[in-house]
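The chain below stands alone and is given in structure tokens; this is the form predicted alone.
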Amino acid sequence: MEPFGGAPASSAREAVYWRLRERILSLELPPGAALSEKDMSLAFQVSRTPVRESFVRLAQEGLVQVLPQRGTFVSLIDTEHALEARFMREQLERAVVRLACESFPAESLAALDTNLMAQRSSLESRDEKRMFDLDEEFHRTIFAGCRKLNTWNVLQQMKTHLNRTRHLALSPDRDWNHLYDQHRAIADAIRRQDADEAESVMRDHLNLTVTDLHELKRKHPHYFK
């Protein structure tokens, strides 16, 4: 874990917060894991204050739960919150991909193609973390090409519980080829300016989350509320 002890107080506070947030979303700190101010302050080589403040911010986002007399824990995944985020994501992404079919910069389309090449490489190496990052980057590129990055940023704030289920779904024993195939089909539909096809594939792509969620709850019941 990276030490931040030499950074200014404000920088250390932000660094600790973002690193903890990343570890929770990636399941490096799994749902239900106990969190210790002392252990984290030692690991990051900072005082307890930035760690405590990070816990407060993460609690406000629903990622950390403080239980009186018991301690601080990574919150369990809230299924209702994840499903609401998926609903919001589907509505926005279906609308944005239709916009992309009307007008999409050549450089953004080239960025999708480069991303797909990297996805293929990640499939071959079974690098689930890289695949997750590339998945996010692929969808963000569509929003950016439509000049809707503010919309993307709002969506990101809603996806904390949803993203943890997506990390669970990208486990080493899963077949990820269908994700790549759907991403490729979306990019091809944008290239052809086929809005109906792009929206249809995007809808099917995002509906995988619902199927995955039911299966993930069955396999990891201790991770969910």
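As the structure is a prediction and not an experimental result, all values here were calculated from the model. One rule holds for the numbers: they count along the sequence shown, beginning at 1.
Only in words, not in the display: the form predicted in complex with the DNA, which the text now covers.
This chain is drawn without the DNA; in the predicted complex, the residue among 43, 33, 185, 66 with a heavy atom within 4.5 Å of it is 66.
Site annotation in the predicted complex: the residue of 202, 213, 20, 12 reaching within 4.5 Å of the DNA with a heavy atom is 12.
Checking 91-99, 70-78, 109-117, 137-145 against the DNA in the predicted complex, the stretch whose residues place heavy atoms within 4.5 Å of it is 70-78. Residue contact check for residue 193: none of its heavy atoms lie within 4.5 Å of the DNA in the predicted complex. The DNA in the predicted complex is not approached by residue 178, whose heavy atoms all lie more than 4.5 angstroms from it.
Although the partner is absent here, residue 37 is a contact residue: one of its heavy atoms lies within 4.5 angstroms of the DNA in the predicted complex. Using a 4.5 Å cutoff between non-hydrogen atoms, residue 52 counts as a contact of the DNA in the predicted complex.
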